[in-house]
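Before any questions on how it binds or moves, here is one chain, the form predicted alone, in structure tokens.
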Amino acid sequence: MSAFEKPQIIAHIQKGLNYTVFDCKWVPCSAKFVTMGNFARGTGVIQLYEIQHGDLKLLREIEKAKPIKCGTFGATSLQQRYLATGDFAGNLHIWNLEAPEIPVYSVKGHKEIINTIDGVGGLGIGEGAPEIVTGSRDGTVKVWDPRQKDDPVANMEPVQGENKRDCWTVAFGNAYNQEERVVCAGYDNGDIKLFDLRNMSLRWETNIKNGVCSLEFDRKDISMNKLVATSLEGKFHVFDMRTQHPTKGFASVSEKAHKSTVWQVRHLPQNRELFLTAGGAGSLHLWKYEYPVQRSKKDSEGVEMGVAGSVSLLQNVTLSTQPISSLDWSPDKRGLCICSSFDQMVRVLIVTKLHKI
């Protein structure tokens, strides 16, 4: 691919904020997005922005008692577009951004900070009930149905006597019919655990030797296809989730991408073979996954095992001197993307030529 044909990553709008921003998310079916974080005075903040004529207009600023770490629209309907957030005190809240004074749903979900959140079953993505999953420093991963108060529908916690590990990332997947659904969780010691919510069992676990910063299935609403896991020390792994071997698990390929921690991975909603990773040195890398000729083979005993593909780097750019803390593709406009970084900036990016890859 020549330099002219390569996708380019362009910083379209940059805006400095007066607080530390931890997460940013597009509001579905709009040119709006939310940023979440904490003020220096120790309170939480949600801001709602709209892109207007190449600039950002602040529509609303909502201050809350506790710093807000993460958020998702994944379990809401397109009509309501409620934002679910996890905060430093372990609270899960769901907000109507039009009337955000009191949450429409509130539960003290965890004993410590909620590091990570994901949603499924809303926005027409994924079959089955709307559900939210939260992962916390207290070592537990909990699944919530916003229609059910107080108690989680599933709670994955360390067994008695086992050390509790800090859960850094969670992701829903396999939600291709009313019954099937999995949650994948990544921990600070490099553990990755795949929980089957249909059978309420641990389906698979592995360890990638470095803390797992971000996990994402290429699609939530299809039979499990690929899972990307990013970690400290600049590595990421792509697992082929179609074929599970009884002892070897899932086949994977790993790549040393950045010189520092890979904080985030996000797949392009319009093309699941393309994904963006965000690094601790303020850089973004755009990757393409290539499938092998055959995705499975038989081992010496005749048991099916997966075959991993390969990844190629399409483009990279350094945007900031500080880590990029969050990243989100627009679900509606291909190539439109937002990211936040620890230099208290939010950036709207345009990635070009994605339709040609």
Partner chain sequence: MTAKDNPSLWGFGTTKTFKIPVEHLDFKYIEKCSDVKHLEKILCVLRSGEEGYYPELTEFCEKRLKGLAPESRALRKDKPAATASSFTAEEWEKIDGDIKSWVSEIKKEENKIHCHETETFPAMDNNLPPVRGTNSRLHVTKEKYSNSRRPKKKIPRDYAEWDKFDVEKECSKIDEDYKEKAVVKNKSHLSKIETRIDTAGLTEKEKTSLATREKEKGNEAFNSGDYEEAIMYYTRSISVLPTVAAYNNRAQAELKLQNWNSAFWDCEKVLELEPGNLKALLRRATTYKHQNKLQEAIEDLNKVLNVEPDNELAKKTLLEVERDLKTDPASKTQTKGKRMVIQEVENSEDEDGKDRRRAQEDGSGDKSKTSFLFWLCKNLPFYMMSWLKFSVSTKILSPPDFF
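Residue numbers count along the first chain shown, from 1. Remember, it's a predicted structure, so these values are computed and weren't measured experimentally.
Keep in mind that the form predicted in complex with its partner chain is not shown, yet the notes after this line are about it.
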In contact with its partner chain in the predicted bound form (heavy atoms, 4.5 Å), from 33-41, 60-68, 321-329, 290-298, is stretch 290-298
Picking from E233, D221, D166, E112, the single residue whose non-hydrogen atoms come within 4.5 angstroms of its partner chain in the predicted bound form is D221
* Can any non-hydrogen atom of A257 be found within 4.5 angstroms of its partner chain in the predicted bound form? -> yes
inquiry  = Is it the case that V265, even though its partner is missing from this view, gets within 4.5 Å of its partner chain in the predicted bound form, heavy atoms only?
reply    = no
Would you check, heavy atoms only and a 4.5 Å threshold, whether K108 touches its partner chain in the predicted bound form?
no
### Message
Given that its partner chain is not shown alongside this chain, does H93 nevertheless sit within 4.5 Å of it in the predicted bound form, heavy atom to heavy atom?
### Response
no
Contacts from 52-79 to its partner chain in the predicted bound form (any heavy atom within 4.5 Å), listed N to C, are Q52, L78, Q79
